[in-house]
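Here you get one chain, nothing else, as structure tokens; it is the form predicted on its own.
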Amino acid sequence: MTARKSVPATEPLATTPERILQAAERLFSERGIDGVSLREITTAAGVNSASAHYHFGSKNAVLETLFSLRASPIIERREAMLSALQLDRLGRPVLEDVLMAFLQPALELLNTPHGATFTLLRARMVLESGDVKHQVLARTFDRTNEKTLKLLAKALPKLPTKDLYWRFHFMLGTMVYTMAQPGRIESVTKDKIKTSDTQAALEQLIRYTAAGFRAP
């Protein structure tokens, strides 16, 4: 039987800032942001503490840089898809098209090398309290969230604004839970359903959220 090769904590030949970010991502996703110190990050990265202070200045700056780096593909893809939406003769987008433009870039990230780890980090930031974490989320996603809400309002002109906000809130929760892949539905269905099938998850998520947005 061939021995399994050990996986390095950080990618080989990475620069010092990259090593720090890789170590921070792994530790944050495993233990939460508050449960990790900057010293632990530098130790895991194999660099000295002075390097982290030189390149980033603080643990919060590491978090902000990391989150911006990993989230940028979602934001760029979402912006492009939202901007490319076709409108009907009344100038309204189709609800399912808006939902696809919002949800697909997030779920697609799961198929990238850092997708699963970043998704766990994002879920922790959503659930953990703390102004810094909420500010990072806001700076990263508020612009596309606001753009999506405007398009949803156009697609559903009769839906009261308060209901629109609530339903968007529920969609965000469903999206993050689905991306986190906690394994509950796999356990309940004896693996008949696999949330790791991102295409199936996306299709079901769009149907489910569209029905919720159209509910009386």
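Only a predicted model underlies this, so the values are computations on that prediction, with no experimental measurement involved. Here, rigid core means the biggest group of C-alpha atoms that superpose within 1.5 Å across both forms. So that there is no doubt, residue numbering starts at 1 and follows the sequence shown.
One more form of this protein exists, namely the form predicted in complex with the DNA; it is left out here, but the text below deals with it.
- Contact check for Ser196: no non-hydrogen atom falls within 4.5 Å of the DNA in the model of the complex.
- Among heavy atoms of Ala50, some come within 4.5 Å of the DNA in the model of the complex.
- Among residues of the shown chain, Ser58 is one whose heavy atoms approach the DNA to within 4.5 Å in the model of the complex.
- In the model of the complex, the DNA sits within 4.5 Å of a heavy atom belonging to Ser37.
- Proximity to the DNA in the model of the complex, taken as heavy atoms within 4.5 Å, picks out 41-49 from the listed stretches 169-177, 187-195, 151-159, 41-49.
- With the core held fixed between the shown form and the other one, Thr174 has its Cα displaced by under 2 Å.
- A displacement of less than 2 angstroms separates the C-alpha positions of Leu69 between the shown form and the other one, with the rigid core held in common.
- An increase of at least 3 Å in the separation of the C-alpha atoms of Leu27 and Asp142 is found in the model of the complex, compared with the displayed form.
- Note: Pro113-Phe28 Cα separation is 3 Å or more shorter in the model of the complex than here.
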